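Given next, in structure tokens, is a single chain: the form predicted on its own.
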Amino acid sequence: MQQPGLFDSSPIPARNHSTSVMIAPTFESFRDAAREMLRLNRSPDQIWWVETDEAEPPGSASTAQARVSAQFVKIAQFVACHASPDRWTLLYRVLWRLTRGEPYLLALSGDPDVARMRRYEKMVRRDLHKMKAFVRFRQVSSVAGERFVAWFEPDHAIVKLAGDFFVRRFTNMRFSVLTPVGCVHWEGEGQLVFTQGLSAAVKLADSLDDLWKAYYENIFNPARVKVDAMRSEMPQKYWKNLPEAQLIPALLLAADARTDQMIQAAPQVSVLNCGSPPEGYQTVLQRSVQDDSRPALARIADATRACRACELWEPASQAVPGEGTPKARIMLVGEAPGDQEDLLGRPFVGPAGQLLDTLLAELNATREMLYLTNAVKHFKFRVTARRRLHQRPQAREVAACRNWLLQEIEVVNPQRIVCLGATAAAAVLGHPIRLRDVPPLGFELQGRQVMPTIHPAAVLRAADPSSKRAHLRADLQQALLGLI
């Protein structure tokens, strides 16, 4: 039999199947009593919750244990403040289900009990938000000295929830917030003091009312009036306790006229005396490319940054030009920048680049001895839920970037070009190749030795990375032989 939603101090008819549990109307009192009821294995249908100011926690509650998630406790603290008389029955029913075989109940948003509990929580949170926004203090004087007092009418018992907020906001101010459901007092130090609610509104007025009115009148923008939104965010039931609310009807009536005045009073300026507009990024790059006094590789890098020959520049963070010794005897060419390269603007700084540095160190070489670049200068990727994943460039994208690669080769003039991957080899040689068909000494191109091998990223992706690593190390050792 499901319990009715009656929770007051009136006499309860005797029922053989139910147990009356006396609790104070607080979460802490309910928590202690609920622990004891769970220890006694009392189902929700066997309990009649009764609110009373004289309730005492069950004597054995301190030893009763019930494991529930922190999520339920957090929600329950808000639901316990709701004005509905059935909140204790609802909380215990959910608690019972959580501890009796339904540990994932809170994830079921369509469950009637969970949906109702969430609705109560949302209503209390909204009421708490309104209290923080619409409390207005008035200054009063007494024998004890200056004090600030506010009156507010919440829908739910949220005073204890709001107490810490007002202390943080007005730490150095002695104040009282009075409501029908409870009052909170702060003396500038010590602990908050909570007392019973008041049955009638406290009528207070002082010079702060004029301050609120002046402030609101000056921030009121007649050109952006949305009455429905205003009523939603500032419900009219709060207006009687807001000094600035007295101005709202007149401000709304005059909004159209004030908007027209603002439009007519707008200055008519034909010339803006703010100087000439700054040069665009593309203009600056183009000028630097044409500056013959700058190093050739620097001009190629700027031309790369200004390149719009394919669509890869749009999603990428930046172009990634080559770097290294301008007259290096060995050039390493990769496929394209990765995620880290795109963010930092430097080639081979991601996981594959770190592996390359390790292999070079094993061969007594460093990247400073080489020139490193990529066949494609912009990062091509697809976006997943967690990261940007590299995608292989298409032939037309490789062709669009090949001009910059050939210019780098011409300026650096290396004796050997190590192509890391088939895409890099195709860009250098001008035609597709298969890595398994590469002759032992590579290819000859315009007096330079071109040595294709696998990319360090292929080592990281391999099912057996040790053999791939040994392969790449051997090829790099052969490429460095006699030149480093």
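For clarity, every value in this text was computed on a predicted model and none was experimentally measured. One rule holds for the numbers: they count along the sequence shown, beginning at 1.
Not pictured, yet referred to below: the form predicted together with a small molecule.
Though the partner is left out of this view, residue 352 does reach within 4.5 Å of the small molecule in the predicted complex, counting heavy atoms only.
Although the partner is absent here, residue 304 is not a contact residue: none of its heavy atoms lies within 4.5 angstroms of the small molecule in the predicted complex. Within 4.5 Å of any heavy atom of the small molecule in the predicted complex lies no heavy atom of residue 35.
None of the heavy atoms of residue 322 is located within 4.5 Å of the small molecule in the predicted complex. Contact annotation: the small molecule lies within 4.5 Å of heavy atoms from the stretch 344 to 352 in the predicted complex, the single such stretch among 180 to 188, 91 to 99, 126 to 134, 344 to 352. Only one of 336, 158, 331, 79 comes within 4.5 Å of the small molecule in the predicted complex through a heavy atom, and that residue is 336.
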